[in-house]
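There is one chain below, alone, in structure tokens, taken in the form predicted alone.
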């Protein structure tokens, strides 16, 4: 920033061009084309295309992607019309239905690479300055402006902005004074891969709770995306199995609701923990998505919460005068607007993980009773479905 002229390099700099950062950029470009927005992304689009992860999007996230014009460009989208919830070795189960909720689907399963490619194409056309291969080394909050230090094509750069939004999963946090990262290790890891089953999925997803952690099957294409949670040492054993051994043990673990498991794609794993940044704002700086909170994948809240972060932040930016962007009042409104959703989502996810991943007999019976009650009370089902789809605010 030039102090004498009081000018900025950008109104908003977004560090991270993944789905959360890209959603924020597109929402701003759509709502106020005159704003100068710069997106700094470390990876290239080619790197994103090699990502084999799948994402579970809520219907609420679909509405956000529709508003920024990306949803209609997505391919290989598999709707989830029902969710079957149960616990292994005990009574009690519940089924949530899109038809009962009056929705076309409760959620959707899409390839991460497909979503990122569509967002990348939209960013190149939206008017924001989109810089790929930008390696951010430092983010410095400040009363007058926030600064971002990065390298690109071997050259070093420093930019000043009214507001910097960190959407890079927290990779830039270590150099930011006053921001602490709290971590709760669940002592679990997740095995993820694609599997095919003897019976067609009919757009039915499963969330099956076990003493070792939840196991989820999400309809994806003609098969399922599997998320199998267990202790790290057990995960190491699962990864070492032959395909036949893996399919056999998966069937023993999950049951035969989908018949036999026929094939499995390449397996990978990642550790599971709850990570929270405190605070999520500093002077002219805000953390969104996984930079602000990273959740256990149970109930699929983390990614969808990140998209809601981006959408709410865009509303706050677009709702104030350009000179007020990044100011204390705007950031306070953003934090207040997100507090119920983020705190509620963190509490709900943590409660599911710790409440269901144990071998306490009394809790097992209480869990079974809770699932049975949920299944027979439509108002309670509606309450749960709305919060799964739209967050704790419902």
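Residue numbers count along the first chain shown, from 1. Here the structure is a predicted model, which is why all the values come from computation and not from measurement.
Beyond the structure shown, there is the form predicted in complex with a small molecule, which is absent from this document and is the topic of what follows.
- Shown here without its partner, the chain carries 19, 42 and 290, all of which come within 4.5 Å of the small molecule in the predicted complex through at least one heavy atom.
- Checking 353, 56, 325, 64 against the small molecule in the predicted complex, a heavy atom within 4.5 Å turns up for just one residue: 56.
- Comment: the small molecule is not present in this chain, but in the predicted complex one of 172, 258, 316, 188 has a heavy atom within 4.5 Å of it, namely 172.
- Although the partner is absent from this view, residue 112 contacts the small molecule in the predicted complex, with a non-hydrogen atom inside 4.5 angstroms.
- In the predicted complex, the small molecule lies within 4.5 Å of some heavy atom of residue 302.
- Proximity of residue 207 to the small molecule in the predicted complex: non-hydrogen atoms within 4.5 Å are absent; the residue sits far from the partner.
- A residue is said to contact a partner when one of its heavy atoms sits within 4.5 Å of a partner heavy atom; residue 12 fails this definition for the small molecule in the predicted complex, lying far away.
- Residues within 4.5 angstroms of the small molecule in the predicted complex, judged by any non-hydrogen atom, belong to 127-135 and to none of the other stretches in 127-135, 178-186, 77-85, 234-242.
- Note: the CA-CA distance for residue 172 and residue 328 expands in the predicted complex relative to this form, by 3 angstroms or more.
- Between residue 324 and residue 172, the C-alpha separation grows by 3 Å or more in the predicted complex, relative to the conformation displayed.
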